[in-house]
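First, one chain by itself: the form predicted on its own, in structure tokens.
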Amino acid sequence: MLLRHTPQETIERKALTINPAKTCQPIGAMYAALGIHNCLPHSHGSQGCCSYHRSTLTRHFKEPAMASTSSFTEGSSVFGGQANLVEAINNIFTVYNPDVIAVHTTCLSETIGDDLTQMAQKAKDEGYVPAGKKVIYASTPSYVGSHVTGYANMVRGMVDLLAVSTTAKKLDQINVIPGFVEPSDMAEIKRIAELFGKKVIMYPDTSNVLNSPMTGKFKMYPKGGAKTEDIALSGDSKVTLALGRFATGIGAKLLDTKHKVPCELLDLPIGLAATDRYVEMLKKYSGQSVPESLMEERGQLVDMITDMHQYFYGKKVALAGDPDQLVALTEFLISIDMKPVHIVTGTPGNKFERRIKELTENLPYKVNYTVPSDLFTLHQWIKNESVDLIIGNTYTKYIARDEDIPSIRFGFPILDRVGHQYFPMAGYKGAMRLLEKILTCLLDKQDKDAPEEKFELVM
């Protein structure tokens, strides 16, 4: 029966979430930390918390997510985890020798009230942090926000504890802070930026970390990730391009406040218009014209949209996922004349609601969205107004099966498909891949449902 018990009648719920459209802060913090070269994420809480976060990332990326834990016992849970963390820092640097330990809290350590700033300083004062090594940290209780919030808080920790200012005059280089996207997307975002011929400092960068090649040899720290010396230099850059307001805004603003690096808050470059805005900012701050190779990619995307438009026109779509991704997806779908009629995110925040309203308020049809929401609400909306396509993470497959609606895996987590970590959805090339996936999904459904006399060779 799966979810077929979901009632069609919607009732307001204030204190109950059913089938949440998010996961917890530490997962996002751990993912961001893995985007630093030679960094070991550390979960300051119980061993079970760390195991859950690691297993979720491992299942999504099909790569081992290395992390350590403070392994709270009953005593730590009552009296605090300072002794555990200080000992852990000593052991980690002694045994695993990372360049950076990135500590994030859990519900347990936050409820106790552990002070990470004081504990990290104590470990340093006692000589447990070797010269040249770093300990950074972020407050990430699971009962607040989501994995996107955790990612944002760890990015803020990177800026606060790694970035410095060394010159009065800004260097001719550009910072790029990508939002919560796949390693493949981060690689594509950086590739586009580097086409403009300027030094690009991008962090976090999980490419070649969570999509690294199989070599037959174990490496504790893959070759990818942003290097600490580059992150340090980001305080001297001329500008920061922050891609995805929810996941990057607080880090980019802190870089501005602390080191006077102005920031441009942009949507994730998913789709034509959002990628255009990213490219325009790169053009503006690099002083270079748009490379011909990039113009060719854009032209191919526009050609694909033209060829496929007849199949997209008027098709209704339900979306579930992270706010930054949903904003870009909504804009892109509207631009190709599809109808995003149900939009659900579990990440709280008025900014998302305002942005979706900006994108949809002049449409000639109603768009359902509320923040935060859950997949139970999405299912009820679909029961009241069906759609032609669902775009969301693996958990939306149950709704798709029960309602016989084609679906595309997009976002986090994706537990039942492979490829998202290798093939980007960002940039012009990513948008072409997304269009191909949408068209294939719609036409496969048409083939499946067509009676024999209408089963066409050419569609």
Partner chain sequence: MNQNTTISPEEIKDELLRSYPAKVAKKRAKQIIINSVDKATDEVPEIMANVRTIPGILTMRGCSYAGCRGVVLGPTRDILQITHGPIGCGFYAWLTRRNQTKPATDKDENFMTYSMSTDMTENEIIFGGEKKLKAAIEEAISIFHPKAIGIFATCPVGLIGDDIHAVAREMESLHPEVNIFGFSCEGYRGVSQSAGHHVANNKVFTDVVGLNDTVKEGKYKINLLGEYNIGGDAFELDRIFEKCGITVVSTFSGNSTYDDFTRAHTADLNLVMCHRSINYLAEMMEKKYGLPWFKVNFIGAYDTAKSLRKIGEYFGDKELKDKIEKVIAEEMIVVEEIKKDVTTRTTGKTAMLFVGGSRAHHYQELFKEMGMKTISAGYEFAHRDDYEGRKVLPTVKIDADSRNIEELKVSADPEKFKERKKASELDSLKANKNMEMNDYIGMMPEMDENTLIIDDLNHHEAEVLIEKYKPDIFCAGIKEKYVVQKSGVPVKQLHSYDYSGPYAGFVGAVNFYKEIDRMVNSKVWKYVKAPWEKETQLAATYACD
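Note that the coordinates shown come from a computational prediction; the quantities given were computed from them, not determined experimentally. Residue numbers count along the first chain shown, from 1.
Although it is not shown, the form predicted together with its partner chain is what the next lines describe.
Engineer: Under a 4.5 angstroms heavy atom criterion, identify the one residue in 290, 367, 304, 92 near its partner chain in the model of the complex.
Structural biologist: Exactly one listed residue reaches within 4.5 Å, namely 92.
Engineer: Ok, 257, 117, 166, 111: which has a heavy atom sitting within 4.5 Å of its partner chain in the model of the complex?
Structural biologist: Answer to the contact question: 111.
Engineer: Check 71, 215 and 376: does every one of them have a heavy atom within 4.5 Å of its partner chain in the model of the complex?
Structural biologist: Yes: 71, 215 and 376 each sit within 4.5 Å of its partner chain in the model of the complex.
Engineer: Residue-level question: is residue 413 within 4.5 Å of its partner chain in the model of the complex, judged on heavy atoms?
Structural biologist: Looking in the model of the complex, residue contacts with its partner chain include residue 413, since a heavy atom lies within 4.5 Å.
Engineer: Applying a 4.5 Å heavy atom distance criterion, does residue 442 contact its partner chain in the model of the complex?
Structural biologist: Residue 442: no contact with its partner chain in the model of the complex.
Engineer: Is residue 160 one of the residues lying within 4.5 Å of its partner chain in the model of the complex, judged by heavy atom distances?
Structural biologist: Output for residue 160 is no: heavy atoms all beyond 4.5 Å of its partner chain.
Engineer: Does its partner chain get within 4.5 angstroms of any non-hydrogen atom of residue 30 in the model of the complex?
Structural biologist: So residue 30 does not count as contacting its partner chain.
Engineer: Name the stretch, out of 54 to 62, 31 to 39, 423 to 431, 403 to 411, where some heavy atom lies within 4.5 Å of its partner chain in the model of the complex.
Structural biologist: In short, 54 to 62.
Engineer: Hey, which residues along 417 to 432 are within 4.5 angstroms of its partner chain in the model of the complex, non-hydrogen atoms only?
Structural biologist: Heavy-atom contacts within 4.5 Å come from no residue here.
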